[in-house]
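Take a look at this single chain, the form predicted on its own, given in structure tokens.
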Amino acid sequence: MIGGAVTLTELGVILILVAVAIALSRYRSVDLERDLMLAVVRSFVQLSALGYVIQAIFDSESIWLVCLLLAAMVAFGTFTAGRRAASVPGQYPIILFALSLAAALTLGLIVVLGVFPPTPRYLIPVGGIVIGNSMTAIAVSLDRLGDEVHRATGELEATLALGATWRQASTGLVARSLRSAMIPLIDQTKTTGLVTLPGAMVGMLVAGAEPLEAVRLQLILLWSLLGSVAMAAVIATSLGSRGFFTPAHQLRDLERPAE
């Protein structure tokens, strides 16, 4: 495959590693064999379909089709993150707003500053990376926020009884939730080049790009992600925390959803 396209034969050969994972799962009684096989089939079907869609968009050079594809990514991301953040009242509109705004601001700034030209070849992959990472940050932060609120119910009620507003009472919980969402990406950024080689950089190197060119592109992506993830998580937790309290600054009587 070196220097050329990946063939179906080469793609099939790499399934040996998946077979090893399935064998290890069976050997250690992990019971993940079905999930592993389903993951392989779904990834093949989904990515193949996406490949045809992206190729069609590349051929058309239509910005409207790019926006439509990115909107579909946001919609699926909202649904995925919303299922994990089930303990947060009204989570879906919150996630949709936070994810849309973070993606729009990040991509808009990249285009306005001239970092990338506004073409499908750049907007689709960068937008996908931004939306995917922002979705994960939102899901983690809201899930942690729900846990924190239900764990600290007594503390919150006592703080509110002493005259604190809902914002003052939830400040510490929101901060811990944001840290949970931000730390993985911060650690990844700090260890890039020492512990791991990021996917975009590896892809460019394999495609034959100069190492310094690959490094610069990867830095653009990493720094863009830091901004987009922070925006998405802050917006989501700020709006999400409000839903746990009444307009009279009282803690709502909420039941923890079943796992």
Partner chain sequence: MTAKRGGRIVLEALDIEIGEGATAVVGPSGAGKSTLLRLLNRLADPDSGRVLFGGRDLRDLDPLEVRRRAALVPQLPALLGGTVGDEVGAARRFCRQAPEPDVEGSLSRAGLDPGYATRRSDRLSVGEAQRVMLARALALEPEVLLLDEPTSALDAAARDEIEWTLQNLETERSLTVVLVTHDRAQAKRLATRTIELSTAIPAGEGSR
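Here the structure is a predicted model, which means the values were calculated and not measured. Numbering follows the first chain given and starts at 1.
Although not depicted, the form predicted together with its partner chain is the subject of the following passage.
Open item on the list: Please pick out the stretch from 181-189, 157-165, 108-116, 137-145 that is in contact with its partner chain in the predicted complex, where contact means heavy atoms within 4.5 Å.
Closed with: Of the options given, it is 157-165.
Task: is_contact(S238, its partner chain) in the predicted complex, heavy atom dist at most 4.5 Å - done: Answer no; every heavy atom of S238 is more than 4.5 Å from its partner chain in the predicted complex.
Open item on the list: How about A248 - does it come within 4.5 Å of its partner chain in the predicted complex, if we only consider non-hydrogen atoms?
Closed with: So A248 counts as contacting its partner chain.
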